[in-house]
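The chain below stands alone and is given in structure tokens; this is the form predicted on its own.
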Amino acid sequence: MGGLKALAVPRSLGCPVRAAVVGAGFAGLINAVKLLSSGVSVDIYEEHDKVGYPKHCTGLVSLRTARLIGRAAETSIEAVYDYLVLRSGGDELRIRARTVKLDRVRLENALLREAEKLGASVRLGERVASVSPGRGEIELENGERHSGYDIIVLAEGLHGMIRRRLSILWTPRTSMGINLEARCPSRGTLTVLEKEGAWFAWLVPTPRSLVAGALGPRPGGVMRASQSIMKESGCDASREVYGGRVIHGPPMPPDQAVRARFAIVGDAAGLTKPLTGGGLYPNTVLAEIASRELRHGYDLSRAYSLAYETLYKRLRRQFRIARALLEGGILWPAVRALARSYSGALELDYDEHEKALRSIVRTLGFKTVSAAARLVLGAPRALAWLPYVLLP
């Protein structure tokens, strides 16, 4: 691939650059839309006969990420939050983080409609059995073959059967995330809480429902934490339960994820935020950067290679931070130390966790020293994990 540029042939010349997107979850759809917006002809293959299901995540992103997603996100917003509150017992840390909750089912359906309007060929209910990146070819389960693709974007999900058939082996760290959603119209602040049995839990009020959820290493503890929060909220309406395995990273190495005529995206490549497991931010960033590089004249493989390398650096940094906070157990001691050292609201980006430490130091100034001392006194194990946070 090197540094050589290869200009995409515009559609007007009758020889469009073509991409096959395998999987119509969020990762596949956002990549399809961004490719279409850059003049690439896209065929989308999805094994299910509809998109957006099974419902599995809360759908929280920064306002900036929602704007990057575009019109589909704008029409899927359920609530907007100016602040995020982290609560541990009697300690409370307020964070100014412009955050939105998106309806994931509505979002993916909106992206599908957008892709169709931009000219995508969408084949629902079509399972791809195998891909041959070197030939730019895919084979459906029914034996039908389609070839001539300049790139195959594989967005098949965590289990990655096609990836495994290509002998691309990669095993991320995972945990369990569960949401309980009840029809209790609610107002209030997005809140993250310390709860027994979970790394952390959350309460998400929206004008049409209330979502209580938790993330942790064991399904039983996560379910009990979610039920406890919902009970404490006073909402006794019937509840929808959804969730599943959450990927914490590390992301797949670039030389495995992107090759000539081939790119792996989404859960299949571990493109999630390592702290929370959310996949909307990293896949939007990947698709946006790749689209930008295409407009700069790079060919598809090189555009995805540049995009993936940029995102990989961010996620590796986030992965180290997440390990320290979750596996190292210093998340809540750190929250308490910050809450007792600073009475104002910190300003942090909901999605770009790798920038958090720099922002905290800038806000606290000399009070950073007292916060660090409180952290080490309250959790001596923090000393062993701080290098994970401090390394560039």
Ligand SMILES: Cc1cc2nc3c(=O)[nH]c(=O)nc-3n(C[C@H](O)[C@H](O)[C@H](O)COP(=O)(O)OP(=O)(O)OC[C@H]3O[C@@H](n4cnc5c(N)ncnc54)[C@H](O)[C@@H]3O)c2cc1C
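Residues carry their position along the shown sequence, with the first being 1. If you're wondering where the values come from, they're calculated on a predicted model, not measured in any experiment.
A second form of this protein, the form predicted together with the ligand, is not displayed here; the remarks below concern that form.
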{"item": "Heavy atom distance at most 4.5 Å to the ligand in the model of the complex, all of 24, 162 and 177", "value": "yes"}
{"item": "Contact test in the model of the complex: residue 127 vs the ligand, heavy atoms, 4.5 Å", "value": "yes"}
{"item": "4.5 Å heavy atom contact, residue 32 and the ligand in the model of the complex", "value": "no"}
{"item": "The ligand contact in the model of the complex: residue 258, any heavy atom under 4.5 Å", "value": "no"}
{"item": "In the model of the complex, residue 266 touching the ligand (heavy atom, 4.5 Å)", "value": "yes"}
{"item": "Partner-facing stretch of 70-78, 292-300, 229-237, 127-135, counted where any non-hydrogen atom is within 4.5 angstroms of the ligand in the model of the complex", "value": "127-135"}
{"item": "Residue among 211, 225, 155, 151 with a heavy atom within 4.5 Å of the ligand in the model of the complex", "value": "155"}
{"item": "Single option in 205, 251, 279, 216 placed near the ligand in the model of the complex, where near means a heavy atom within 4.5 Å", "value": "279"}
{"item": "Residues in 51-82 with any heavy atom within 4.5 Å of the ligand in the model of the complex", "value": "56, 57, 58, 59, 60, 61"}
